[in-house]
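Here's a solo chain for you in structure tokens, the form predicted alone.
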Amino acid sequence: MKKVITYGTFDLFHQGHLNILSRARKLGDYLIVGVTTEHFDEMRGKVNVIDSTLERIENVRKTGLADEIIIEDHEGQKIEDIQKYNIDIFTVGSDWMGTFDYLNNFCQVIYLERTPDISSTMLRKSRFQIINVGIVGTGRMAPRFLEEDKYVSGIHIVCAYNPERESGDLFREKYEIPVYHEEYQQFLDHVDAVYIASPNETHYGYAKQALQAGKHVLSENPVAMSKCDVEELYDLAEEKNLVLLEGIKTAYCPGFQQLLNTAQSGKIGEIKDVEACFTRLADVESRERTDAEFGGAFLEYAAYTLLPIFKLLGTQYKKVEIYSILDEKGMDLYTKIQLIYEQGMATAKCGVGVKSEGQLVIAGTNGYVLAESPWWLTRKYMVRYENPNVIDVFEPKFQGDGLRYEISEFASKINGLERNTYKLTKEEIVAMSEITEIFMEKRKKK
């Protein structure tokens, strides 16, 4: 008897899950299916499991494909199970390609091809839909989105769009996802929502057309270059009852939310100053260093450094000044933004050609919060006081590169589970766009 084993969360059970189990069943004579517990899912980085463990087990049982169902609840269990049940073949979907190669020492490992189309017809609860997402742009952010989306329930990547055929074809060959090159509307006809990861200057146009077509939008920052355009997009989304989310992933990370709560709890007294810095030495051939009109430090990282400032001091600043160090083409290698408030001040620094200490310091009347680089991922922060011997250290949980929290927020809002927008508000995005507009005007003059 040839024994096969596979594992999964099987949340919001759909056709893709059924296809995987059916293919796994055909590999041998006896199929064992491991269903993960909520606790283990959380430990391995799944951020928004909706169905209970018992519901997920029952959905697998109803297929009639599993000869035996077991529970997976700890790291290293796969090797234990393979040995315990004398397994001949371990199999999972191809989106995990290479991850479980180490199991070849114990049995044969087979990666099953991904399911190209998934519908929500298998769902028992119409309240939760499988969201078919299309990716706009096939550059460096698109692979990261593909890597992180598998940790979020209810999201399925069905296609991509890139008018540049060569880049799109390479993406299609590597990730086995259809890529559209010509009519953007044709691409939109195949999706429920879009993730926009194209060059900065194209975000507004792609977002507007998607919203007009009734599609939800998650866009990398900035979603538009002017306050007027940003307000237009948010008004359009509200009018059509669609989700428009700006991709500043720090805003959605649980550790950053905890940091904000700590700063505002009174532990450091009244907040009077916020300093945030985010720099990276970008490749001199990269878009960030070569695109004199839409590249540079400000458009790449300013939103991240402005985020904690607006969260903690508000958007009603009295004065803003922007200073930049430019290269020979007039593009900013390093930019400093200074904001003055009625009872406070703030500094935001960002760079693509100048390196500085990337930390976040929140100064208060009784102490300060210090989050060292990379604070925008918020894995650790400290609260310090006048007494140097008293230090409170916080190490919140953080999974992956943070993008999964942003994707989870997007899925939750579409499904009506998390309509509250406090993590990143329209008011805060509009305030960022006002400063972006000031910066772009200065750039045009130069």
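The structure displayed is predicted, hence computed values, not measured ones. If you superpose the two forms and keep the largest set of C-alpha atoms that fall within 1.5 Å, you have the rigid core. Residue numbers run from 1 along the displayed sequence.
The next section is about a form of this same protein that is not shown, the form predicted together with a small molecule.
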{"property": "In the model of the complex, residue 168 touching the small molecule (heavy atom, 4.5 Å)", "result": "no"}
{"property": "Residue contact check: residue 44 to the small molecule in the model of the complex, 4.5 Å heavy atom", "result": "yes"}
{"property": "4.5 Å heavy atom contact, residue 433 and the small molecule in the model of the complex", "result": "no"}
{"property": "Close approach of residue 408 to the small molecule in the model of the complex, 4.5 Å, heavy atom", "result": "no"}
{"property": "Contact stretch among 130 to 138, 71 to 79, 318 to 326, 345 to 353 - heavy atom within 4.5 Å of the small molecule in the model of the complex", "result": "71 to 79"}
{"property": "Among the candidates 364, 93, 295, 374, the residue which, in the model of the complex, approaches the small molecule to within 4.5 Å (heavy atoms)", "result": "93"}
{"property": "Exceeds or equals 2 Å, Cα of residue 239 between this form and the one not shown, core fit", "result": "no"}
{"property": "Residue shift check between this form and the one not shown, rigid core fit, residue 24 Cα at least 2 Å", "result": "yes"}
{"property": "Large Cα move at residue 192 between this form and the one not shown, threshold 2 Å, rigid core", "result": "no"}
{"property": "Sense of the change in Cα distance from residue 41 to residue 379 in the model of the complex - at least 3 Å versus the shown form", "result": "closer"}
{"property": "Direction of the Cα shift between residue 93 and residue 187 in the model of the complex, where the change is 3 Å or more", "result": "farther"}
